[in-house]
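So this first bit is one chain, no partners, the form predicted on its own, shown in structure tokens.
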Amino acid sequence: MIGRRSLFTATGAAATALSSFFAGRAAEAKSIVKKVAGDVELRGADGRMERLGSLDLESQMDFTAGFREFNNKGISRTAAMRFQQLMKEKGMDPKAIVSFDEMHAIAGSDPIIGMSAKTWLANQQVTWKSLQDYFHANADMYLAEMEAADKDGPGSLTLDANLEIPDYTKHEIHIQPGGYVGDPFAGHMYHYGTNSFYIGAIGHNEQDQIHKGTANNIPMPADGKVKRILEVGCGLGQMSCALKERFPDAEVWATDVGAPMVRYGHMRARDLGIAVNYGQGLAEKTGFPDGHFDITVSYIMHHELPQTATRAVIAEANRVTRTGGVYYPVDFNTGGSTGPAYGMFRRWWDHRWNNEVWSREFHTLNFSDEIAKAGFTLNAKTPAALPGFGARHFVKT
């Protein structure tokens, strides 16, 4: 009989454990994750975050999170200063707005700027490899855990084996091995890997703090009625869970093209006792009735889409959101193909080496204008969801 593990290519031995002297661990909270049938909790939970299955792996994730923060706050700042110095040497204003071509001419092969980029990338690669090695080495156990959760509640899970996966979704975004559709443990890797990313860039999110804060700031429809909520491109559904916690009497639906993502999201919501309905599907073709939802949201999804898909998703959001309902797509500010030199370099580098395939294309789009064209009215007073992210709150007219 073929064992579950035989379905996957071996990924080698687990990476050597590294010291966690950079980030340290936050004080452990009382677990709120419920122990349910078939659940794997080898080392318990810290609040709503199940601890990784080995101390070695947990230490590695502490290290990579700490090193990422060190890189962003130390090495990257040094590189930015070096960029300004190079501009001055060329007789340019360090605050000048430049194009991508001009940026390349400035950066060239400078070793300080190159070191900043290379160390950031290497740390990302170590993060993913450590996680992938662990979950693949323990594939039987973790696949069985998801199988036990698939038909359990609260909430539901719907998978579509016949769904045609668009090519634009198959890229290994953030160089995550297999991307969001090609590895059975995509949800597991994404959850623990992005915790590292948040610590290095914005702040801690182990307890979904950032998602909960964002969900709590979403404006309500003017009539105060919130019976049904949809999140498209939900990933593993942290925003969906936060919305269900804010609106406990509402139906919350969450869709993503990646089956591994919604499987993990459903399993996690079930462990937390949160009744979200997860489904594998396309954001541009949800299958829900016209005007079905009071609130429609997405969270940092659109910069992962080509412009044609973004426009299709906006049109679908307009179709499924009721008149007077709220559309709240969280994503980066868009500002064309020019900007401050070092920022342009980092954007290009992120696109080229971190496999943000559609990010540059997204940034050339006037995102808010595109949404307004579809029939939504912008509320310009919406507070920004996250640093560097656009403040966008639209009402279906």
Partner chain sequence: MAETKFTRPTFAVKAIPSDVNNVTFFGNPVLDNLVSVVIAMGTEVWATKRRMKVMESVLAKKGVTSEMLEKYVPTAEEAAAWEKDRDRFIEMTFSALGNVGDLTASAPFPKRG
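Numbering follows the first chain given and starts at 1. Remember, it's a predicted structure, so these values are computed and weren't measured experimentally.
As for the form predicted together with its partner chain, it is not shown, yet the points below apply to it.
**Student:** Please run the contact check for residue 165 against its partner chain in the predicted bound form: heavy atoms, 4.5 angstroms, yes or no?
**Tutor:** Taking the distances in the predicted bound form, the answer for residue 165 is yes, it comes within 4.5 Å of its partner chain.
**Student:** Does any heavy atom of residue 159 come within 4.5 Å of a heavy atom of its partner chain in the predicted bound form?
**Tutor:** Contact check for residue 159: yes, within 4.5 Å of its partner chain in the predicted bound form.
**Student:** So in the predicted bound form, is its partner chain close enough to residue 244 to count as touching (4.5 Å, heavy atoms)?
**Tutor:** No - in the predicted bound form, heavy atoms of residue 244 and its partner chain never come within 4.5 Å of each other.
**Student:** Can any non-hydrogen atom of residue 263 be found within 4.5 angstroms of its partner chain in the predicted bound form?
**Tutor:** Heavy-atom contact with its partner chain at 4.5 Å: present for residue 263.
**Student:** Counting only heavy atoms and a 4.5 Å cut-off, does its partner chain in the predicted bound form sit next to every one of 152, 154 and 288?
**Tutor:** Looking in the predicted bound form, the three residues 152, 154 and 288 all stay beyond 4.5 Å of its partner chain (heavy atoms).
**Student:** Taking its partner chain in the predicted bound form as the reference, which of 32, 42, 365, 36 has a non-hydrogen atom within 4.5 Å?
**Tutor:** The option sitting close enough to the partner is 42.
**Student:** Just to be sure I understand the contacts: of 259, 301, 86, 103, which is the one whose heavy atoms reach within 4.5 angstroms of its partner chain in the predicted bound form?
**Tutor:** Spelling it out, the residue with a heavy atom inside the cut-off is 259.
**Student:** When its partner chain is placed as it is in the predicted bound form, which of 106-114, 208-216, 315-323, 224-232 ends up with heavy atoms within 4.5 Å of it?
**Tutor:** One stretch meets the cut-off, namely 106-114.
**Student:** Under the 4.5 Å heavy atom criterion, name the residues of 112-143 that approach its partner chain in the predicted bound form, in sequence order.
**Tutor:** If the 4.5 Å heavy-atom criterion is applied to its partner chain in the predicted bound form, 112-143 yields 112, 114, 115, 117, 118, 119, 121, 122, 123, 125, 126, 132, 133, 136, 137, 139, 140, 143.
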